[in-house]
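Given next, in structure tokens, is a single chain: the form predicted alone.
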């Protein structure tokens, strides 16, 4: 039997990620039930969603009329049964703990239709473990966005041991329909793809600072004004393909491969954070923020807006917005 078309979604958890997801769905015309455990949390979520929408209007992405129509598609509730009534897709964005997600999924099993997809925004937990006690693990899937989800297109789709292939296909099609760039993991892996790559870079960044090679600010400048500019346009394999000229990535790796192996011999391989890193990182970031030009922002809120302005321009260039 053909599964129902996804016409309405629920967002469980109205925090930073959940409210951003809700913004994305509403912007693309998908009615959304937003659920959280208190009226105060819902009020905060509503404020974030309205703020996100007004920002899009200010950037010329939406008209005021379309914003008002989109905001009218939202329903806020502290009743999970009401939140799950009539929806075909659930985007869960609660705390990153197995027990919290498992408890919420037990509630989903009580109230959601059996063919409603349950997509967890987990940053790196295994969907097999999240859904281990679920009545319908076949409809459970991991769907990790990148922050902020309403602007960054990437979604990492990962299936558990009992996830149905049909769930994968429906989830992929739904995200594509709202302008996302979903990728599907071929097997489960803690941290998925993007976060593992990011943490590989970050471990080396931490090591360089702790060894006295450079400062926290130097690390950020090195990434931002070097590989980061290229990463906004293409991934490492395509970068190295171009770096190899007529010989491509194969020629490049044959040419510089032995030198890279020397670098690897000197790079970080530790598995635990170095003692004192959190304090060192905060001190370095505080200094970096103080050194920023005023127009680039000198508070978390100002820098967030500056970041989003930049993302909008990159997304326009990539024709993703």
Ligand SMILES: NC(=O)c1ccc[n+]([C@@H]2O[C@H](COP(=O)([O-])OP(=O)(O)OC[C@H]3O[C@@H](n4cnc5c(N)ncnc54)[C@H](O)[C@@H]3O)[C@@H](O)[C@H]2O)c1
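As the structure is a prediction and not an experimental result, all values here were calculated from the model. Numbering follows the first chain given and starts at 1.
One more form of this protein should be noted, the form predicted together with this ligand, which is absent from this view; the next part is about it.
Only one of 123, 85, 128, 88 lies close to this ligand in the model of the complex, with a heavy atom inside 4.5 Å, and it is 123. Of the residues 141, 112, 94, 155, just one reaches this ligand in the model of the complex with a heavy atom at 4.5 Å or closer; this is 94. Contact with this ligand in the model of the complex, defined as any heavy atom within 4.5 Å, is confined among 221-229, 115-123, 243-251, 201-209 to 115-123. In the model of the complex, no heavy atom of residue 159 sits within 4.5 Å of this ligand. When contacts are judged by a 4.5 Å heavy atom cut-off, residue 297 does not count as touching this ligand in the model of the complex. At the 4.5 Å threshold, heavy atoms of residue 260 stay clear of this ligand in the model of the complex, well away from it. This ligand is not drawn, but in the model of the complex it has no heavy atom within 4.5 Å of residue 137. Interface residues of 14-29, taken as those with a heavy atom within 4.5 Å of this ligand in the model of the complex (partner not displayed): 14, 15, 16, 17, 18, in sequence order.
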